[in-house]
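Taking the form predicted alone, here's one chain by itself in structure tokens.
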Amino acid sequence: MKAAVLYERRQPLIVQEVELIDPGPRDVLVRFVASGVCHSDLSHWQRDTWSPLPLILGHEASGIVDQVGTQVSRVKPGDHVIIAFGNKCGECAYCRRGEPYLCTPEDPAKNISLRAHARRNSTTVYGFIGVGSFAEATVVPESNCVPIATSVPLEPACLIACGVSTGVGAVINVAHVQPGSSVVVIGAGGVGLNVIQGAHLAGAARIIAVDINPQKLDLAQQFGATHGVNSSADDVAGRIRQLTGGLGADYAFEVIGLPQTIRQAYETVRKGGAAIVVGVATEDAAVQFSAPDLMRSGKRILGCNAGGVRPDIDFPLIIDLWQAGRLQIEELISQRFALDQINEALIALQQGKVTRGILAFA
């Protein structure tokens, strides 16, 4: 099969033939129909991260089951699926608690990010977070496959795997935003727009988008933002206090992954408010807070791992909301690329030229 392989950080991906591993007894071979190009993929291309090389990036994907292992029971060839990225072992303490987004396999050999995904001659090639969707196909455990109705369009559905579910989940699952509340979203990119959608869905009265790009602020209003603040020109904390009666917001979502914007989220919430860290920072990033201020203000700092999503529950729920007209998903796609254009897609994302680009295989 064809795959875009990353051999060296910050260098172009090489589209070439690789040999996909054979499915094990509980594995599923999925032919991709679409894959989103997400900022997390860009981060692992640009940064020196934990992900092993050579690597097939991509983790936000949908497709059609082509082959199943001998012990697979939840899907069959021909089924349409959204792939849930990362470990979903079903056995660890976190999976048993209903927190699969924190899955930590007790046996390190079951970490799907570190198992062989494909081969190029004698070289082992890995799949990013166990998916590797910048390729024509993948092999994943059956627990990572969420079947969906064949009537659901697979191209936009790929975005449910990460961008949509992370953004909406941050609001619904992690922050539990209350109706009538005020919400700040710092970063109006692909995930940030879905935080905005989630806040609108939750009934927030004020949804304030913060970004340095005026075009993104305009787009944010189409997804439910009531106000926009240009952080390159405005005093963000001061402007948000103006918009919230002088108190600050009830919730502030940081969706960039920079220490300064994480700190900004904390500064923009009122006493008793919550700052939610959604963005993926570098491994050595640190943010300082005053312990006495944290105690006296009653503010909360919440980590948000993949929107706190339980794929088997939340993916179908998101599809129902989408089909009922309560969420916009197709509108997030601003450009389609072929696999051979993957480097163009990453650069377009890096330069802020796309809301969400997708690789379209069908």
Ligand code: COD
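Being a predicted model, the structure only gives us computed values, none of them experimental. Sequential numbering from 1, following the sequence displayed.
The discussion below concerns the form predicted together with the ligand, not included here.
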item: The ligand in the model of the complex: contacted by all of Asp27, Asn87 and Ile148, heavy atom 4.5 Å; value: no
item: Val131, Val191, Ile160, Ile207 - the one with a heavy atom within 4.5 Å of the ligand in the model of the complex; value: Val191
item: Position in contact with the ligand when the complex is considered in the model of the complex, options Gly279, Pro141, Gly273, Gly169, heavy atoms within 4.5 Å; value: Gly279
item: Contact stretch among 38-46, 317-325, 63-71, 332-340 - heavy atom within 4.5 Å of the ligand in the model of the complex; value: 38-46
item: Proximity of Thr261 to the ligand in the model of the complex, heavy atoms at 4.5 Å; value: yes
item: 4.5 angstroms heavy atom contact with the ligand in the model of the complex for Ile256; value: yes
item: Residue contact check: Leu349 to the ligand in the model of the complex, 4.5 Å heavy atom; value: yes
item: Exercise: Asp211 in contact with the ligand in the model of the complex, heavy atom 4.5 Å; value: yes
item: Residues from 47-64 in contact with the ligand (non-hydrogen atom within 4.5 Å) in the model of the complex; value: His59
